[in-house]
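Heads up, the chain below is alone and in the form predicted alone; it's given as structure tokens.
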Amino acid sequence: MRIPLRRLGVYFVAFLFAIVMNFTVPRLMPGSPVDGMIAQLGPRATPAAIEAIKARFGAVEQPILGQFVDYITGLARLDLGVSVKYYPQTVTQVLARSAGWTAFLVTTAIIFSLCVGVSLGAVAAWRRGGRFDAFVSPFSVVLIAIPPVIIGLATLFTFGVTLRWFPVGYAYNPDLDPGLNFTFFGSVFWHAVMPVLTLSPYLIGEFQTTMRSSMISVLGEDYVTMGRAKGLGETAVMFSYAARNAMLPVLTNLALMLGAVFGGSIVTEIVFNYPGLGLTLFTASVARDYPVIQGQLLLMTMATLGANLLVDILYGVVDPRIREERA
């Protein structure tokens, strides 16, 4: 499907704006990476050690314009620089080590929440005004309002510390060697249960609310009436006819929520010491590691813009009317 150039232009402008913000935001924090490294040395901060640190990382303290030029030049070469906190590792190495865990966590939470939220919303709309709708719909609003940090701490204390049903941190059992075996995969999924349960309530509430509103608007359409006239079962008409055509607003909401999902993943990974991008960003922020912060924010920005572009493409696949308008 052809994507209009004006839509691609919007994404390009957003990407340029994100590049500028990724460079600016870390430098608004007080202190600098060099000062932090010198402070960590304590009594070992000899003049020779200080000079060595300034010689290696002095680029992060040069005039702001020079830093920006180096930043843009590095992006043009696909070079995100060297990490200050994890020296001598490059930013690409640091992010590559963490990106997979965040992708797994966020994808699992989205798929689980999408299945639960859409199903609850469809049933609530189909039985609107009943007991199920009267309970589920207000409860979804409550789920949306609760911050992930509250859910994370409550989940950690209840199921991790008090009941000890799930491990309280990390992505897998540190006694295991990573490998392609069921023991390792089982440990990964078991350690991801509480982080996923922390991210999911907000998503479930959003999906349920959006799906209910959208489905109510299509229940009076002719194709739903025709499905009933064919003698199909209630479940078949509800999901194959009504719910299927009510999914477009859910896709829109998913694209708009990605920023909030990444924000929630940062808090979740910090609470559960999960080795993803969120924990890496927190560690880099404490260390004033400008290169890692810039690379991290850029990666999240590209993921969000890419997902929005993908949803824009899926619109034309799901709804032929939109495809015809863009032709």
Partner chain sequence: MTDLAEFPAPRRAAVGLPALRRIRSVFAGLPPSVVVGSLLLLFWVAGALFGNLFVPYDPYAEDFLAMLTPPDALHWFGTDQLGRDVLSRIVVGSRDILLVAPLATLAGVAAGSIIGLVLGYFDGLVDAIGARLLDTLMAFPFIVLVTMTLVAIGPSNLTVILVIAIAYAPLVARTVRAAVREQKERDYVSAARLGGEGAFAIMFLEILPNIRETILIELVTRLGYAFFSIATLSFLGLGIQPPSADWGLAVADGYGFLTGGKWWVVVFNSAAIVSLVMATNLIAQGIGAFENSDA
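Quantities reported herein were computed from a predicted structural model and do not represent experimental measurements. Residue numbers count along the first chain shown, from 1.
Note that the form predicted together with the partner chain isn't included here; everything after this is about it.
- Although the partner is absent from this view, P275 stays clear of the partner chain in the predicted bound form, with no non-hydrogen atom inside 4.5 angstroms.
- Looking at F157, you'd find a heavy atom of it within 4.5 angstroms of the partner chain in the predicted bound form.
- Heavy atoms of M21 reach within 4.5 Å of the partner chain in the predicted bound form, making it an interface residue.
- In the predicted bound form, none of the heavy atoms of I313 sits within 4.5 Å of a heavy atom of the partner chain.
- Picking from 93-101, 149-157, 116-124, 191-199 the stretch near the partner chain in the predicted bound form, with a 4.5 Å limit on heavy atoms, gives 149-157.
- A heavy atom within 4.5 Å of the partner chain in the predicted bound form is found for one listed residue only; from A145, A229, L180, L163, this is A145.
- Residues L281, F282, S285, R288, Y290, I293, Q294, Q296, L297, M300, T301 are the members of 273-301 with a non-hydrogen atom no more than 4.5 angstroms from the partner chain in the predicted bound form.
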